[in-house]
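In the block that follows, a single chain appears as structure tokens, in the form predicted alone.
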């Protein structure tokens, strides 16, 4: 049975998206695919039980029937951390291997997702390299290329891995258009001279970092004033409406698929945003807009939501939300698969896993 552990230098680098996209592609090729996130670090309540949010979503999207206790056998709770710090033996290795046996039963390939950065879980002797060694699998490293400092992170990851034989290779993700040439002509050759196989360079795609209006409403604990039928519309950026109205429309039109955050008393900015056909209006300070604004927004099919917090705190929440969105929408899954097909050597990865073509 083949397997691969997807690891990364940092959180929000695209591990879940890569596992999901590869899982879909492998299923399309006729392989029986399993998935596992050995250590759950993004805990949510599911019907009264703790589960990892990423693992729960991928289980559903790949149509898997395995119990969550097998897909994510170890949950990073405060009690587990305290026990590790006190040296309490929890039998985590046995739990890990038993779950892996269950998930791999009847499968051609199992995709494993690391928790956070590559060293996450080290206090439990379950960092990604340790998990890979215990389960006799290789590591596929995915790194978000935000600057040349990403190369430093990759080289540091190599030192954490130590046994470079377990490193299958890597993928550079979310490369901005202005850095693609540098990455292709300088970074990739540099890494390959270091013995690191680069399976792909995936360009930045704002749609994948977008959030639905519904997610914004939930995260901001907002009230929907109009536009309830457009909660699944995707927002890729946010803009702050704090300028003179004369320049607002041009500013809003330069950034498509954006939400505009502005005070509930700025009817001039609100009307400019509606005229520019923004995706959503986020009004702060718990100040309700005029009936004219609401009527215009409803006619233009633009949701208007109201939050209690001030503009600055709302900006901070939006900054954290956009770019850290979970993959839930079908359009995002389709786009992930398209990007992997176009920019990743899938055949090479399949061969590296030992599946053959």
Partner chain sequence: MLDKLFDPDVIAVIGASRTEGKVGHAVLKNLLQGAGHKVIPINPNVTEILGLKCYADVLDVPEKIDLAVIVVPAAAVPSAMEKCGQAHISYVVVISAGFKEASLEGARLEREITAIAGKYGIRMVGPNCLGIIDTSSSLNASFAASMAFPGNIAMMSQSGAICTVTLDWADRTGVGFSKFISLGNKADLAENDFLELFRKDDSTAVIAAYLEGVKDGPRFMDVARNVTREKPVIIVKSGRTAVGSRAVSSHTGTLAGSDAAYTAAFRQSGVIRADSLEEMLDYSRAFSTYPLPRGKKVAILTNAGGLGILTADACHSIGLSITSFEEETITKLRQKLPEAAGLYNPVDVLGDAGPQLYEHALEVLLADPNVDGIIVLVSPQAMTDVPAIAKSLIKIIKTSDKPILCNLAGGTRIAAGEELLNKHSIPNYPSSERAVASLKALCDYSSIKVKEHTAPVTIPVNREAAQKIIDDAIASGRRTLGLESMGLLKAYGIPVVRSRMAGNLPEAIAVCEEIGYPVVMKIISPDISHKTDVGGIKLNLRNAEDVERAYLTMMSDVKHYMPNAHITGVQVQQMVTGGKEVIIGMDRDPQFGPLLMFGLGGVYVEFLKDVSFAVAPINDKEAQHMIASIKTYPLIAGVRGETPSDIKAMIDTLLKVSQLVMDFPFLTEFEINPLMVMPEGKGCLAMDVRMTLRKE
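This is a predicted model, so every value here is computed, not measured. Positions refer to the first chain, counted from 1.
Missing here is the form predicted in complex with its partner chain; even so, the following discussion is about that form.
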item: Location of its partner chain contact in the predicted bound form, chosen stretch of 242-250, 158-166, 210-218, 81-89 [non-hydrogen atom, 4.5 Å]; value: 242-250
item: Contact assignment for its partner chain in the predicted bound form, among 112, 280, 170, 272, heavy atom within 4.5 Å; value: 272
item: The single option of 77, 286, 257, 125 touching its partner chain in the predicted bound form, heavy atom within 4.5 Å; value: 257
item: Joint contact, 51, 67 and 69 to its partner chain in the predicted bound form, by non-hydrogen atom at 4.5 Å; value: no
item: is_contact(residue 294, its partner chain) in the predicted bound form, heavy atom dist at most 4.5 Å; value: yes
item: Residue 107, heavy atom within 4.5 angstroms of its partner chain in the predicted bound form; value: no
item: Contact test in the predicted bound form: residue 184 vs its partner chain, heavy atoms, 4.5 Å; value: no
item: In the predicted bound form, residue 28 touching its partner chain (heavy atom, 4.5 Å); value: no
item: Members of 298-312 lying within 4.5 angstroms of its partner chain, judged by heavy atom, in the predicted bound form; value: 298, 299
